[in-house]
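Shown below, as structure tokens, is a lone chain in the form predicted on its own; questions about how it binds or moves come after it.
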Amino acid sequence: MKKFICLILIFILVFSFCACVPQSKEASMEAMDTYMNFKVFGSNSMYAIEEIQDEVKALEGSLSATDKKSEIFGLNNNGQAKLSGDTIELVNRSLELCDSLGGALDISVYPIVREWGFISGDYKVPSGSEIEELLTKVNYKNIKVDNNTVTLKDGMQLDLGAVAKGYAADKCLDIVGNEALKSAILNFGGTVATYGLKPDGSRWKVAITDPDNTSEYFGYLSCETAVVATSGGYERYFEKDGKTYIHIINPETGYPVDNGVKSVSVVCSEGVYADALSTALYVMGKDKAMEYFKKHRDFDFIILTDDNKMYISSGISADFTLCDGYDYEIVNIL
């Protein structure tokens, strides 16, 4: 009887301990040309992690500009296509953002990005005449949407790469919420979504990559539910004749951005907006990015410049920690 009672007590203790430890599930995958990692906590974590991976795969299959089976590939090759729910939703949202960002984001810049070799990896510096010719095919205002049918002007092609991971973050955060999970951290590679608090009750720490040494990070942000998107020239670039050319193209000039900005991180509640902003503010440069922020103030940012200055909006300055070994001059923007 004593042994039986002891076994019962042990069972109760083990059960109580397990009940206090939230169920969790973690998974990694390669999609949208990057490495992704997801970790979720809650009773439905196993089902949710599978649903998240399925969602990312489905979005990649629809939104890729290089996958011959995707809707965007079909649109680019035919000049017109009737798009399904997620694809047309993202196209419409992207066009709104292109307009509100004054063209600093332009989803029709794909032909120029491809000409520089950033799609194939066969890098080249196009001639001035080649760029002038391609610029005639870059203008988001020439994309016509009629219900679910999108029509492109002759020679135009789209690329949703600047917003696709942010859109995936939004869709996956919806899954986390619908499955009533306790918390989650979803890393889409350059775009990180956090939900709730960590199981121990503390806030998530989202690291910001050092653009001069991508194996390190220069600081981190403490977050609850938010999306953090970072853009930088270090992601894809090549060197020729002593000059570095990055993959972020200025839609107005057709040339890679070279304006003294090293990286831009944006924090807000919508992944698509965060993704679009991180690219657009990078294209704008520090001064114009500040002007845009002061007019809108519906996001926060960190801008790192070539002269080792870090500009950070006041909304997140208390949540940012600079790592040891970095002596950036921090400028708080009110």
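Note that this is a predicted model, so its numbers are computed, not measured. Don't overthink the numbering: it's just position in the shown sequence, from 1.
Beyond what is shown, the protein has a form predicted together with a small molecule; the following relates to that form.
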4.5 Å heavy atom contact, residue 226 to the small molecule in the predicted complex:
no
Is residue 235 close enough to touch the small molecule in the predicted complex, meaning at least one heavy atom pair within 4.5 Å?
yes
Residue-level question: is residue 251 within 4.5 Å of the small molecule in the predicted complex, judged on heavy atoms?
yes
Applying a 4.5 Å heavy atom distance criterion, does residue 52 contact the small molecule in the predicted complex?
no
87, 230, 194, 157 - the one with a heavy atom within 4.5 Å of the small molecule in the predicted complex
230
Looking at 63, 302, 283, 48, which is the one with a non-hydrogen atom within 4.5 Å of the small molecule in the predicted complex?
283
Heavy atom contact within 4.5 Å of the small molecule in the predicted complex, the stretch among 139-147, 98-106, 217-225, 74-82
98-106
